[in-house]
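Below, in structure tokens: the form predicted alone, a single chain.
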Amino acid sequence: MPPKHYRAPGKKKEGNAAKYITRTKATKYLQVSLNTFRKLCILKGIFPRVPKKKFEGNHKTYYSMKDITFLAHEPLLEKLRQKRAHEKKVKKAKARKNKELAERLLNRMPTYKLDRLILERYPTFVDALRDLDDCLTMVHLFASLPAVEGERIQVKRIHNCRRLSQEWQAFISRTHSLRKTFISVKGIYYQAEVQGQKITWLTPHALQQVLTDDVDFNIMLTFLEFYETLLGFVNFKLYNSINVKYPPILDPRLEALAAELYALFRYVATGSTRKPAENQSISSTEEKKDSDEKMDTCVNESDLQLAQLQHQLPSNEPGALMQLLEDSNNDDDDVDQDTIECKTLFKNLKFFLSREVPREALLFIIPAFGGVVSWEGEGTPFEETDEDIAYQIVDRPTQGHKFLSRHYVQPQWVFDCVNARIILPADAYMVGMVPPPHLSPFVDDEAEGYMPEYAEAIKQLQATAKKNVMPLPDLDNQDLADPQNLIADGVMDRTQANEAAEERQKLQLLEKQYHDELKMEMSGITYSATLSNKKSENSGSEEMQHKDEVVVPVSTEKNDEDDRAKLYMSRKKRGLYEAIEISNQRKKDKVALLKERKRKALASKSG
């Protein structure tokens, strides 16, 4: 009698054995090496799967059989096989010491493009933007590596990553799409909003990077190869959306001075869409014919535009043409409220960067929020002696020469202003002072259950900045004092009116208490006598309450309901519910610990 799970030879596989395949069998099926298989899976976006039942053991890596069949018909697989065979020929020529043949073979190395894979993996542009977080982080990481010949990473790859990252930053800064920033131990986090998609990436600090042996750079370079192509397509699409030619042509003088990002800002700001002139030999008759055709097309276009304007504009309305042009400009510049706030945060403010501050980060952030920035060196927009500079960013213990017309602040001030969306007071960020805590904008304090002290101060400053209601011409002081009138006139909404009413009630109570105390002083009643009367009244009222109250045990109905609900849960749902309870309890314990630390810190300061 055959065993229970016996399958006769030649019988078709069923279940997980037919749906999944191990990595070793997949490489044999595709007839490729393990490195080529990894590269193919990374470029195609195929990842290992976890079957419900691992039929060949838990130590094996499984892939979907559909994915492997899909890879077998991939044209890129044949290119990788050709490249592998060509590398063997080069190796064989070098072993025979035939340098000429080896050089000829190296110059004719088979190449491939990933354009078709980009379109295949991202059918729409929004799909590419959603998958851009890891791409930007990887490109910025390799852009910060040292470009040294003879290392494991080619110099041209590092230069290409630097170019792509700066093109992305120039677009974000030009369109004012940056929303959040945060300085951490790992690097600087940024979050931008492009076409409704929030994109978050990490850039390393401007420090000397060291290549370690613990990292497999072959796998990272395969990811980088795909990400370079993806980011190139994304930058091309974004630059075309703002009518700027791509790739940008930089000023060679600024590029030689290592000011590529500033050169990109200048190029994008001009919005140059002119194509380079091409040398063509055209006869005089052809030039005349082309000029006549252009004149005819210009006349036709002008007649068409004139007819459209005559059809659209009212005949007896003055200034209608200017109104139509303004409406068309407003349609082109249709932006949301966040973009307007970011665009005007540092508007009409000039910044100067000292040589010790992180120049690239601030050169990216400040123009993204409407500011103008300069630094020490050649090719800068303005010098340090410019009298219109409002803030100078300094990161040193002391500052020798100071201009009285500007503020000297630390770099953290810029990041905190960006996250708060207001100009914070510069007194706490002055040179030589310990700055306030740098709060993360990616943490929701209300959801966590604990709000730091500085976060509360920033919230009050934001409320003060937003509640500056200027008196209207047709409103007097009495109308402004009444929140209901402001609601009716559309000056503030209902929530703001309720807050104003509560503040007004508190002020009235304090005013009443002040008048009562004045009357008691006039009548000769001392402060100690009033305290003793209040204590006696409170004790009498508490005794009356204790007499009226009936001792009721603590209700356990909620706990009983939870226990009964757990009985009807499945084991999986019960485990999830217990995990949620443990997580909530840990959060409460963490909040309690923070409050206790804050209490001890305040006690030590007061003591």
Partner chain sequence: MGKEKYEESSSDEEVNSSSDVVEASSDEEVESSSDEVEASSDDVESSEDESSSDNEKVEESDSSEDEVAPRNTVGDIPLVEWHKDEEHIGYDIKGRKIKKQPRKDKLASFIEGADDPKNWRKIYDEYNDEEIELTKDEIKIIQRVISGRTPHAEVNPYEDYVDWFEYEDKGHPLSNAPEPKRRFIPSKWEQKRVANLVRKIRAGLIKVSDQNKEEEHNVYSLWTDDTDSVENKKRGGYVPAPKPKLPGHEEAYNPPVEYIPTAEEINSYELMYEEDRPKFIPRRYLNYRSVPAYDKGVKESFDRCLDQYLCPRTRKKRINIDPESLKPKLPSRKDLRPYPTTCYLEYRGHMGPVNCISVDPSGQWLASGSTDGTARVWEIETGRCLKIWEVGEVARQICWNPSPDRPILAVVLEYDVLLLNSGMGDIDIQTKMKELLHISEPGATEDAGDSKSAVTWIQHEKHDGIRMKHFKAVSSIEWHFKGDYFTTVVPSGDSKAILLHQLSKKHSETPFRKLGIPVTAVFHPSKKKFFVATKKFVHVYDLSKVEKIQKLETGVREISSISIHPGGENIIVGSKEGKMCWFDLELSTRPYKTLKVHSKDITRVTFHRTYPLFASASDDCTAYVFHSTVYSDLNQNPLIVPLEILRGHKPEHGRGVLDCKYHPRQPWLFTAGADSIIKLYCH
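Residue numbers count along the first chain shown, from 1. Since the structure is predicted, the reported quantities are computational estimates derived from the model, not experimental observations. For clarity, a rigid core is taken as the largest C-alpha set superposing within 1.5 Å between two forms.
Just so you know, the form predicted in complex with its partner chain exists too; it's not on screen, but the next bit is about it.
Only one of 420-428, 179-187, 343-351, 380-388 places residue heavy atoms within 4.5 angstroms of its partner chain in the model of the complex, namely 179-187. The closest non-hydrogen atom of Lys459 lies beyond 4.5 Å of its partner chain in the model of the complex. Taking the partner from the other structure, its partner chain in the model of the complex has no heavy atom within 4.5 Å of any heavy atom of Ser165. In the model of the complex, its partner chain lies within 4.5 Å of some heavy atom of Arg564. For Glu56, no non-hydrogen atom is located within 4.5 Å of its partner chain in the model of the complex, even though that partner is not displayed. The contact residue chosen from Lys198, Arg355, Lys97, Arg504 relative to its partner chain in the model of the complex is Lys198, the criterion being a non-hydrogen atom within 4.5 angstroms.
Taking a 4.5 Å heavy atom cutoff to its partner chain in the model of the complex, the contact residue among Lys512, Lys156, Lys466, Lys402 is Lys156. In the model of the complex, Val434, Pro435, Pro436, Pro437, His438, Leu439, Ser440, Phe442, Val443, Asp445, Tyr450 are the residues of 431-450 with at least one heavy atom within 4.5 Å of its partner chain, listed from first to last. Relative to the superposed core, Tyr29 shifts its CA atom by less than 2 Å between this form and the one not shown. Comparing the forms between this form and the one not shown on their rigid core, the Cα displacement of Phe47 stays under 2 Å.
Shown in the overlay between this form and the one not shown, fitted on the rigid core, is a CA shift at Arg574 of 2 Å or greater.
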